[in-house]
Each structure stands twice: as C-alpha cells, then as structure tokens.
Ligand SMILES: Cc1cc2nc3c(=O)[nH]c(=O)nc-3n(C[C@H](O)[C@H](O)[C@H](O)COP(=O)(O)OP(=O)(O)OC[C@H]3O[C@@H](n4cnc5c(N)ncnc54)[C@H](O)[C@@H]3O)c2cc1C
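Heads up, the chain below is alone and in the form predicted on its own; it's given as structure tokens.
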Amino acid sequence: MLRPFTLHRPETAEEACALLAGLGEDAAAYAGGTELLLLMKLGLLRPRHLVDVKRIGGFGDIADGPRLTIGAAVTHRAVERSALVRARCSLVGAVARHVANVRVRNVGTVGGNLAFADPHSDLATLFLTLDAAVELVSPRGRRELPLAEFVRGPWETARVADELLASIRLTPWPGETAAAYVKFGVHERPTLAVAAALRVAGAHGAGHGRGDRIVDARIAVGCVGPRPTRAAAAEARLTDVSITDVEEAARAASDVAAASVDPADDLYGSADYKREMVAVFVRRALRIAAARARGAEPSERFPHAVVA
C-alpha cells in the first residue's frame, strides 16, 4: 500500500532541481514510476514528495545530431516505435521491444531505467557499445558523464541528490557495422545479456584480404555482475580478424569475456554457471553479428533466449 505523498509537476528542469534541493531526502524524481512505485509499495522507499519530470521540455524528445539524444522521460515504447531510432541505430529499437512486458514499456522510461541502475538492464548493456553518456542537470548547471562512470553498482549511480538525469546521448555505429543483442533467462528479467558489434572494412562480400577485416569490435556483458561492463580484452582478440574466419577468434574472445565478469551466486544461478553462460552467449552474439556483416541473417534460435 502506498503511503500519502505530494506530487509536484514543475515545468522546467530548474524548477525540478530546486524542488529536489529544497526537499532533500524527502523527495524523489518521478517519470514512469515502474520501479519507484513498486519500491514505495514494498515500503523500501518512503518519499513524502514526488517530482514529476514528464512535463519538462526536452525530457520527452528524441533528437538527431552527431549523437542520438534520447530524453530521460522517453518511454521504452516510444524508442521501439521511433523512425529516427530505427534509421540511426535500429538495434536500439529492437532491444527496446523486448524490455519486460508491454505494460512496462508503455510507461517505463529510459532515464528511469538508467537512474535506478538495475543490474538487469537491457538498455544499459547495449548502450555501453554505443559510447553512451548521460546529461545531468542541477542548480550548478549541466554536466555529462560516460554511462560506464554514471552506473557505479547495483542501484547506485554518480547522480547527487539535487541532480536530474536529463538525457542519454548515443554515438551510432558507422554504416559498415553489424551488431547483435542476445539475452537469456527464464524470468522476466534476463539472467545474462550480451551486446556485440563488429565494424568490418568492406563488409557484405568484399572478398578476402584487408577488405574483410574487423577494424573495431564492441562487446558488453550485462545482468551477471553488479553492473554491465565492456569486455575490452575480449574486443582486442577480434581486431584485424577476417570476418570470414572469425570462429576461432570468437571462441578466444568469449573465454576472455567470461573470465572478466564478476558474477555472484543468486536466484539466477551460481557464479560458475553464469561465467559459462557468458562464454556461450558471447560466442553466439559474435556469430550472429559476423553473419550479418556478411549479409546473412541467421535462423538459429535458442531456448529461453531473445535475439535482436
């Protein structure tokens, strides 16, 4: 049961930040409320004031530019349906389509998802491969942080009490990049998630030689540890590898990625189980991305797994 609270509806970010600063620990920012209201019902959070940010200009917008900017109050459903997202980075929309369930997607927001730092976040995992940064606003002005620095651990971020997460900025991959997102789980929240992107010089049948080499690789692993992470050492195993002969490098990269994660035993499985699953699904994600780079779409499907 929800305890009584006062709902504030500021029109500007400045008003919202002033409310948060003045009300202190008695206040919480509110957008979709899918996680906040649940915690309030459970009695784990008891704010006496909610500051609704949905009316703030720009918070509900998706904007183009050198980077793709997604306002903090944009819902998962809006990302899924956005023609601009589809044109600039179609995988983002495809992944948004598989977040939780349609009820959550209709009200849950991208900013709220990242601000709660749920370790089982689909978007946080994918966004790491897009060099994501968050824009924070406060009475002191604006600042930008890489997403990898913003998310510090489970339900912990670098946001201070009087700051608002205003937007998320993504750097879309170059046109010759192929990517895949694979998540596995028997619960609504995934047990693990892997995002992989391969940039290939002369993709789609350029032939052998330097023209079919991987010039940039991105791998992010989420949902198994305290926060999603990029697997830099695994990425290095793929650089300058031929896209037509990627299997051995993918196996080596998957083993390195599995060794780099920091899983814990929980209801989703033991730490050893999660490491093994990371190796399996990194290989699968890389195989799918490599096939797409060659102009093919794999038909292989996996039990209890979603491929985007």
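Remember, it's a predicted structure, so these values are computed and weren't measured experimentally. For every residue, the number given is its place in the sequence shown, counted from 1.
There is another form of this protein, the form predicted together with the ligand, and it is not shown here; the text below is about that form.
This chain is displayed alone, yet in the predicted bound form one of L68, I243, A29, A258 has a heavy atom within 4.5 Å of the ligand; that residue is A29. Comment: the ligand is not present in this chain, but in the predicted bound form one of R189, R81, R140, R152 has a heavy atom within 4.5 Å of it, namely R189. Heavy atoms within 4.5 Å of the ligand in the predicted bound form are found in one stretch of 229-237, 96-104, 171-179, 83-91, which is 96-104. Among heavy atoms of F281, none comes within 4.5 Å of the ligand in the predicted bound form.
Though the partner is left out of this view, L36 does reach within 4.5 Å of the ligand in the predicted bound form, counting heavy atoms only. Taking non-hydrogen atoms only, G222 never approaches the ligand to within 4.5 angstroms in the predicted bound form. At a distance threshold of 4.5 angstroms between non-hydrogen atoms, K183 is in contact with the ligand in the predicted bound form. With contact defined as any non-hydrogen atom lying within 4.5 angstroms of the ligand in the predicted bound form, the contacting residues in 49-72 are V53, F59, A72, given in sequence order.
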